[in-house]
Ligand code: UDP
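First, one chain by itself in structure tokens, the form predicted alone.
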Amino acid sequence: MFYDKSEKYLQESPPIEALNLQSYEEVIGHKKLEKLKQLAAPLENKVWAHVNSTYIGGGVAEMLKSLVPLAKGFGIDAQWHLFEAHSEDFFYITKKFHDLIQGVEQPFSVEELHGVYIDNSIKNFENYSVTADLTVVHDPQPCATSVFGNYEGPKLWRCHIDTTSANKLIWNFLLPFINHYDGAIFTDERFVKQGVKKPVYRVAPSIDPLSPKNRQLSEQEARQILAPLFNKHNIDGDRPIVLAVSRYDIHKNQATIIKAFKEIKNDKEVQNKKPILIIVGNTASDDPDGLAMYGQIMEDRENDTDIFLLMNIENNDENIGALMRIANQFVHISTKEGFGLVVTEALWQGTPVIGSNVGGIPQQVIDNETGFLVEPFEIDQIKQKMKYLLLHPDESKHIGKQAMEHVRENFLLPSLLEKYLLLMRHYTGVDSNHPHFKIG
């Protein structure tokens, strides 16, 4: 069944009226905040619903936890509905969807498509409906509810996945459901596949600068936060840190990070720096393969005492933000990536990023300005950039400052809310024209 998580979340958090909009103003400026208020004014008490498949874990859940209360702070009745699995097989099958959409071949059967995936969509809406002035349905898990669900009001499908190499059969299976929405949202125009017949919009994800993870810290504050974690895992935080944060997933390419680090730490020019590699990953309820991938990465580590593999760490958000603050560099060389919010988070903490030239990463990593772009399996490229940042800490700090300003201008939560407000204004009839970010 569905659960409306919006009220439960707000009961567990400070009341929405307590959102410190002045703090947002300090980050984005008075002019930007006033613009948001003006855009939101005609939408007061309008219902804006979100549907996704997990309340904890993954970038979508993180965004919604901030986006829902922020929208409520501007007078919008924002809601969050959770699409649940009715069988043990459901998330295994939608993980196959995820892999197939990202170009990794997986076997699948008619029974999985219809007997599990579609049946789950039907069961979620038994005696349930979503009534909203605009509903946004996120990713493949609930995609088929456009046909088998009960929605009252316009609805958009939001795809957070890199679909450039999508399996043709699975894409054609999803296409009728996608075209049953009133529009679709993609992170990049390159992700839009043939056959989408409804309006298409380009919207980049964003991070909340006021969340515990993204609060900008001084180095002293960061080290105080990290002291218990470093003590528990016997990590020497005074050594240069090469950091990676993501799910343990085949697309995140942690094995290549480990291989590059093992080679670079023994480089004659780098040896005296004594760098360490910290890889942090979390599990998510809609990703059943995470533990198996973690086991594989442990084998790749081969008991190297300079490599630390952490999973589901305590005080997660604060520790991640603090790690990003003190790290010498952040490495995210995914083979597929819809956007990569962890890249945004690292850049916002002023840490240069070595990122793969795939998906949404090049929107964030401007080569030689906010970090370095590499090909995901080009070990020599990756080693060269790791080495450069380890040997040039002053240049690393300069790149980090540029990275921070790039995020401030483009990828903070108020910018995401602005685009959604423009979509709401269009679909509620406040504005007759489509928003400027319509791409198809």
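Please read these numbers as outputs of a predicted model, since none were measured by experiment. The numbering used is simple: start at 1 and walk along the sequence shown.
One more form of this protein exists, namely the form predicted in complex with this ligand; it is left out here, but the text below deals with it.
Asker: Would you classify Gly340 as touching this ligand in the model of the complex, given a 4.5 Å non-hydrogen atom cut-off?
Answerer: Gly340: contacts this ligand in the model of the complex.
Asker: Does Ser211 reach this ligand in the model of the complex, with heavy atoms at most 4.5 Å apart?
Answerer: No - in the model of the complex, heavy atoms of Ser211 and this ligand never come within 4.5 Å of each other.
Asker: According to a 4.5 angstroms non-hydrogen atom cut-off, is Glu345 in contact with this ligand in the model of the complex?
Answerer: Because a heavy atom of Glu345 falls inside 4.5 Å of this ligand in the model of the complex, the answer is yes.
Asker: Flag Ile101 as yes or no: does it have a non-hydrogen atom within 4.5 angstroms of any non-hydrogen atom of this ligand in the model of the complex?
Answerer: Result no; Ile101 lies far from this ligand in the model of the complex.
Asker: To test your reading of this chain, name the stretch in 123-131, 164-172, 240-248, 71-79 whose heavy atoms come within 4.5 Å of this ligand in the model of the complex.
Answerer: Of the options, only 240-248 has residues within 4.5 Å of the partner.
Asker: Under a 4.5 angstroms heavy atom criterion, identify the one residue in Ile320, Ile361, Ala327, Ala260 near this ligand in the model of the complex.
Answerer: Comparing distances to this ligand in the model of the complex, the residue within 4.5 Å is Ile320.
Asker: Quick one: from Asn357, Gln271, Asn316, Asn179, grab the residue that has a heavy atom within 4.5 Å of this ligand in the model of the complex.
Answerer: Contact check passes for Asn316.
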